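Here's a solo chain for you in structure tokens, the form predicted on its own.
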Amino acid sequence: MEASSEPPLDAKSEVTNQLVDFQWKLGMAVSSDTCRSLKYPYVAVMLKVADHSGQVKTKCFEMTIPQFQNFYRQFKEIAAVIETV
């Protein structure tokens, strides 16, 4: 997964982007040119995000299963907070 060059958001940041689409798929890397038997599961994620002008950008990345489980837990925490608002 790539490191982001954007500064992290803090509580005072104004979010101006909108999530337009979220797609994911489970994959299995079975081999590579350097390893004949990987058997490495991963989750491929594609996000479409619109900026304040309406321009849509696509962001794609892959995560290991533990990374995706952590990502999912964080979204559940966000949803729980939003429900209290």
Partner chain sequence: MLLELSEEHKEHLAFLPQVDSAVVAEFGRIAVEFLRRGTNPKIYEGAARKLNVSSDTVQHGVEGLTYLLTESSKLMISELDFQDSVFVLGFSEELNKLLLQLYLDNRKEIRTILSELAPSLPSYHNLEWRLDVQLASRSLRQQIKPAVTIKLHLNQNGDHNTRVLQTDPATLLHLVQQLEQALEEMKTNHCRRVVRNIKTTKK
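Positions refer to the first chain, counted from 1. Every value quoted in this text rests on a predicted model; they were computed, and no experiment measured them.
Below, we refer to the form predicted in complex with the partner chain, which is not included among the displayed structures.
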| task | Using the partner position in the model of the complex, report whether residue 77 sits within 4.5 Å of the partner chain, counting heavy atoms only. | result | no
| query | Is there a heavy atom of residue 29 no more than 4.5 Å from a heavy atom of the partner chain in the model of the complex? | reply | yes
| Going by a heavy atom distance of 4.5 Å, is residue 59 a contact of the partner chain in the model of the complex? | no
| Quick one: is residue 25 in contact with the partner chain in the model of the complex, heavy atoms, 4.5 Å cut-off? | yes
| Members of 30 to 60 lying within 4.5 angstroms of the partner chain, judged by heavy atom, in the model of the complex | 30, 31, 32, 33, 36, 40, 42
